[in-house]
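Okay, here we've got a single chain as structure tokens, the form predicted on its own, with questions on binding and movement later.
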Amino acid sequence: MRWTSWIAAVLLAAGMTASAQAPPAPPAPQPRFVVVLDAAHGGDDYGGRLASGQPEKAYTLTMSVRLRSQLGVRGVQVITTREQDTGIDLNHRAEIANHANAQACISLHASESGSGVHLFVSSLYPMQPSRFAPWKTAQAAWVTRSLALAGVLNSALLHAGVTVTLSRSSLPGVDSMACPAVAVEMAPDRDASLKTTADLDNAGYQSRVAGALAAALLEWQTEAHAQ
């Protein structure tokens, strides 16, 4: 009886020791977070002509590279619709965002009119998600989330001292995206009297806007992981 009791005690102690030394369970993986950057225009589509003389297509690509770099050093996975001066039709841009299952798509534009940054969200009426969404109105199921994303972008830009205007508009290309999507149009920085304080080609201004957008997308990532 004593021998049996001693064996049981040894086995119990060994079990307790093994349990105590067992490696901790690995942390649950974070949900995948992907941002798509869409540099508008390209190829034969020059976009608008900016005061510096460069076409809008070149400017949007420059801003895409700046923003991609700022997000990349922060560990955010970024997919771009174009990396060079190539023409990409609107349907293909939407296909890239949808195939990536993006959590955010930023469509980059530039204009000499207005001041600061203009944020555009699709004017489609919000609809419940459906299994087979019509291509041209796929964004309808995401409009509410797109408005929320625009709100986060707005706050970050204002914090960086950038003037912001928010609008709803028909957005070909964006309207076919099945993800939160906002068109970001950058204009020169102007004061209250509309005097230009920073042109579009001002490197510091570009960096300030890109930094604010990157900060907003990091906040958006945190919110996405919390849901």
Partner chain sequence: MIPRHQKVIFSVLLAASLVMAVVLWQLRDRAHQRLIAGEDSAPTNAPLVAPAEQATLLVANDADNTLLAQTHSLPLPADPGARARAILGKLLDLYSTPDSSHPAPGGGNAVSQVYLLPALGEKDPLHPDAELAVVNLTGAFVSSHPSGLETETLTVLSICGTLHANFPRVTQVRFLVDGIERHTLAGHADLTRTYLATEAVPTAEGAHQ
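If you're wondering where the values come from, they're calculated on a predicted model, not measured in any experiment. Residue numbers count along the first chain shown, from 1.
Below, we refer to the form predicted in complex with the partner chain, which is not included among the displayed structures.
In summary, the region of this chain contacting the partner chain in the predicted complex, judged by heavy atoms within 4.5 Å and restricted to 95 to 103, 69 to 77, 138 to 146, 108 to 116, corresponds to 108 to 116. Among the residues L61, L200, V162, A178, the one placing a heavy atom within 4.5 Å of the partner chain in the predicted complex is V162. Contact between A51 and the partner chain in the predicted complex is not found at the 4.5 Å heavy atom cutoff. Within 4.5 Å of some heavy atom of the partner chain in the predicted complex lies at least one heavy atom of N154.
Remark: K57 does not count among the residues lining the partner chain in the predicted complex, judged by a heavy atom distance of 4.5 Å or less. Within 4.5 Å of any heavy atom of the partner chain in the predicted complex lies no heavy atom of G43.
Contact check for L166, A183 and L194: all three have a heavy atom within 4.5 Å of the partner chain in the predicted complex.
Taking the partner chain as it sits in the predicted complex, the stretch 71 to 104 never comes within 4.5 angstroms of it through any non-hydrogen atom.
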